[in-house]
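A lone chain, given as structure tokens: the form predicted on its own.
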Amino acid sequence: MIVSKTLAAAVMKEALMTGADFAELYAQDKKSHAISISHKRVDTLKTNVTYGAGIRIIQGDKVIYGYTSDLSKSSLLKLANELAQSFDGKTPTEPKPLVKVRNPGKNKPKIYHDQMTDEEKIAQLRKAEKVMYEYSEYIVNASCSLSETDEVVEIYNSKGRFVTDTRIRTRLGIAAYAGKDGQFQTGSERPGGQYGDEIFQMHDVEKLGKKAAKCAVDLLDAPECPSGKMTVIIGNEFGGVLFHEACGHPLEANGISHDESVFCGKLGQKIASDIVSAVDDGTIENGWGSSNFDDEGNPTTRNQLIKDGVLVGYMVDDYNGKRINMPSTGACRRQSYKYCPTTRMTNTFIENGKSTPEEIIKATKFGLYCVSFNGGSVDPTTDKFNFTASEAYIVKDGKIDHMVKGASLIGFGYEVLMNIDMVGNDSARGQGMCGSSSGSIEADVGQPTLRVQNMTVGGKGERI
């Protein structure tokens, strides 16, 4: 154990000495191991340890948070005492006896990280590196990485709840850099999940390398994307990052509870096309954003957000849930013990529709097909977004015509939801890191191929 049950109980008691409503102790022991190859040499081989605990105390709407890497009894009690001084109650609140909640034990790896040597892992990465360099003379660098984390968390609170969870994640990073005539382009593949080094059995690193290299080289000769209002087809898997940013963040309870989202007060109302349904699901076996419990110790859930175009739910944590009178959906997360937790997405995606990807393309007279994105940004208060495509093609007369570079999508998330007129049946998820007030966390994005009408497309090419 990171912190003994006896010590945790004493910390709860100390934290509530000035009459606060609630106290919580979050303890973390995490080992992160990273290997990377760049410019034909092993560039990184390192291991980091994150070890410490955070204490959160709540009274009404007021929250105080502190953390320490010293988990001795004296240090934790001192921290709890100092935080408790933020409240001025005269009568202590008595915490309930701690009772451990059974862990369902999902998301276990098949090959633990210590079952392969670093030399064996590097040899696997070298396979992808070799394929990328051999693909074209224009490949100027082939970068390959492996990130592994082994984490144990313990969560205790004054309501008597005690949970422990083990989270093991692994992710590959395969990136090709192509250069010609003074310009450079990139192609990358970054699969991952809550599993171990069986990742090398699940993904063919040579195929990932070839795919990354092809994208980078093809972009060198691709013309600039045209601009203007047009029909846009958004690919499955990492295409879901647009929904994640432009629609997912505004559905998190921390924004809803502070009236800082365009979806405030919209429960039960139509916010999307009838063919759109969306889910946040932290229970998916081995999902990149999955866990048995969230970072408040509540079990994760499959949470329906949108059903047939109607807003039916938000992502909710305990604290913000009290502000909007809604129960937790098991969606409270944080990067580490140094961050106060709040509502965050887990694995968030649009569900399958009835069209095939081929039907969607065939039905498009002219448009832009965005396969994947580099990333983007959104203002949750206005829902305005800006995204840059990493791989995009022009569609003409129902066929993919040619690749373009420099494509960006600009607009408002609520408009996109209403303008979706075709949804595919090929739902898939991609992995990413999501940054917000409680740090950077692992999150799956996803959707089937779908089509949006009248999107604003930015590019340096001719204006449509």
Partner chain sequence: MNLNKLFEAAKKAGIDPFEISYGSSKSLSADIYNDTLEQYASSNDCSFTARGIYQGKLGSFSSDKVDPSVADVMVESIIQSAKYGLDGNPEFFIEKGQKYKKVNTYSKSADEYPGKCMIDVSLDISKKIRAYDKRIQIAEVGMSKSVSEGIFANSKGLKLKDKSSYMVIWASTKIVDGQDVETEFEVKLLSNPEELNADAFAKELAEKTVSKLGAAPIKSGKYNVVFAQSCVANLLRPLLGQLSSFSVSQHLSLFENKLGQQLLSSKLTITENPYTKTPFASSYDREGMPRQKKVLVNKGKVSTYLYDLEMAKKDGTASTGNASFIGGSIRPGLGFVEVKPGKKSFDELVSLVGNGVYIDSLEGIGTGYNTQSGDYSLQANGYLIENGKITKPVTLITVAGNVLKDFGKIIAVGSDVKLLTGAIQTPSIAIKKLSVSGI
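Predicted model, so just to flag it, every value in this text is computed and none were measured. Numbering follows the first chain given and starts at 1.
One more form of this protein exists, namely the form predicted together with its partner chain; it is left out here, but the text below deals with it.
Heavy atoms within 4.5 Å of its partner chain in the model of the complex are found in one stretch of 345-353, 255-263, 308-316, 99-107, which is 255-263. The contact with its partner chain in the model of the complex, taken as any heavy atom within 4.5 Å, belongs to S377 out of S377, Q115, T91, Q269.
Though the partner is left out of this view, T456 does reach within 4.5 Å of its partner chain in the model of the complex, counting heavy atoms only. Taking the partner from the other structure, its partner chain in the model of the complex has a heavy atom within 4.5 Å of a heavy atom of F385. Contact annotation for E285: none of its heavy atoms lies within 4.5 Å of its partner chain in the model of the complex.
Contact check for S436: every heavy atom lies farther than 4.5 Å from its partner chain in the model of the complex. Along 45-64, a non-hydrogen atom within 4.5 Å of its partner chain in the model of the complex is carried by L45, K46, T47, N48, V49, T50, Y51, D61, K62, V63, I64, in order along the sequence.
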